[in-house]
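We begin with a single chain expressed as structure tokens, specifically the form predicted alone.
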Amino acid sequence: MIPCKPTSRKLTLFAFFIFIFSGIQLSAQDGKALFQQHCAVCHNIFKPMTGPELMNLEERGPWSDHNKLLEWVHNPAAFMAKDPYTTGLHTQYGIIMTPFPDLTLKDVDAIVSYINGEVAAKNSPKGPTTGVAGEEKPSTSSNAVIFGVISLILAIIALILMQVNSNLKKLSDDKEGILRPEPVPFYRNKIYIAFVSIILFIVGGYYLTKGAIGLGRSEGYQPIQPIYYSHKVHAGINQINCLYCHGGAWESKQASIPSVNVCMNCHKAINTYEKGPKLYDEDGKEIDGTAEIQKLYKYAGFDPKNSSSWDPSKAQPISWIKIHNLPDYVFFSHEQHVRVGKVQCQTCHGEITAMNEVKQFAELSMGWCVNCHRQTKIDFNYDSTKGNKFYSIYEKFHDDIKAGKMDSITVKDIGGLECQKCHY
């Protein structure tokens, strides 16, 4: 029996939806990528780092409930105030986890699924059927690409079947003496042209939009600096307060870069790097810490053998490469966030105490900032000894809290989403 036109239409729809769903699969949540982007700085799956290991995560604390896990990653400080397990983690590791207000429940599910998959892969016995020992399990993204390729092949097969169906119908009509016009070539067939155009429009529009959204963002930017400066050694191991070097973050718009003289406050006496851990750059090359101190001395014009003759006024500024940049039309004040809002440095800069070479941790996009304003609670309640007394002018909110209508106030509630707050 010769296939009829409805069959061709079904094949067309089948090919179209296969292609579209393959695109959806390719853009689905990738647990590995999310883990590396948000978690890998502080966490290892199998051993403790800055934070605890994440294997068997769902068997500890309240994390079997992914909604609570999402609440924790959105606002660790607020969750810790009511949860003894996370309070114990803070006591054990001495730091509070960086909040990630942009993550969704699907993101959390994908990350946990990736962690469980890695644990299962490590614990599963390696035999002849599991491949070469030490071979990594294909990632979710690799599987998605394979699925997309197979889907594309199926779509091409569907198109070929449509052409075969048309040719068979023509042969049948010729045999029965039915006169029909010559079939339109593939490249002139309006249905095929429309089909290909729709696909190109969807795929091209997706990548164009994705690329346009990313214009001007520098997440992951990590330039090579003139001196290898390890925040892990200074702020982490030696626990130098961030404000010692970046005092402007407490009292001005800019955090500021410390002058050479600030560095020399310590390095007039510290001439060599001997007791700290070995230093490595991003390529795995070992760094000579003592040689880096000598670079500082060159900028400072300092001779450790004749320290008494050093003239700080002759020091030359170090040509550090700026990492975190905001557009000129954006107003951002470190003082407003660090001093008034009590925002931790790690919220925007990542686990800086675990970084050797600093990189841009967050995307610093408008959406990223807006999400933070929507979820970050302010120090609204106050008495004679604590709280921000400025917020006493918001009488309605105080009345709503007393009446039980609200339990907390976020930056959004006090105008944190108004355009002129950041653009004027």
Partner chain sequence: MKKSLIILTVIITVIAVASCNRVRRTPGRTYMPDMTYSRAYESYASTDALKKEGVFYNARPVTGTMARGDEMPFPISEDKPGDTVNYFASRQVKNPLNVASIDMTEAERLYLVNCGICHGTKLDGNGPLYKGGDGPYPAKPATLVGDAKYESMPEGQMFYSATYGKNMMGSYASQLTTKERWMVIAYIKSKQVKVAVTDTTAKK
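None of the values given here were measured: they were computed from a predicted structure. The term rigid core refers to the maximal set of C-alpha atoms that superpose within 1.5 Å between the two forms. Positions refer to the first chain, counted from 1.
Here the subject shifts to the form predicted in complex with its partner chain, a form of this protein not shown in this document.
Heavy atoms of no residue among D107, V203 and C372 are located within 4.5 Å of its partner chain in the predicted complex. For the chain shown alone, K295 is not a contact residue for its partner chain in the predicted complex, no non-hydrogen atom being within 4.5 angstroms.
Contact check for H231: no non-hydrogen atom falls within 4.5 Å of its partner chain in the predicted complex.
Its partner chain in the predicted complex is not approached by Q346, whose heavy atoms all lie more than 4.5 angstroms from it. Contact annotation: I156 falls within 4.5 Å of its partner chain in the predicted complex, judged by heavy atom distances. Of the candidate stretches 62-70, 394-402, 48-56, 372-380, only 48-56 contains residues with a heavy atom within 4.5 Å of its partner chain in the predicted complex. Contact with its partner chain in the predicted complex, judged by any heavy atom within 4.5 Å, is made by just one of N241, T290, S172, S124: N241. Interface residue among N116, N165, N75, S256 relative to its partner chain in the predicted complex, by the heavy atom within 4.5 Å criterion: S256. Along 84-112, these residues reach a heavy atom to within 4.5 Å of its partner chain in the predicted complex: G94, I95, T98. Core-superposed comparison between this form and the one not shown: the C-alpha position of H90 differs by no less than 2 Å. With the core held fixed, F390 shows a CA shift below 2 Å between this form and the one not shown. Relative to the superposed rigid core, the position of the CA of D399 differs between this form and the one not shown by less than 2 Å. The pair Y391 and I96 is at least 3 angstroms farther apart at the CA level in the predicted complex than in the present model.
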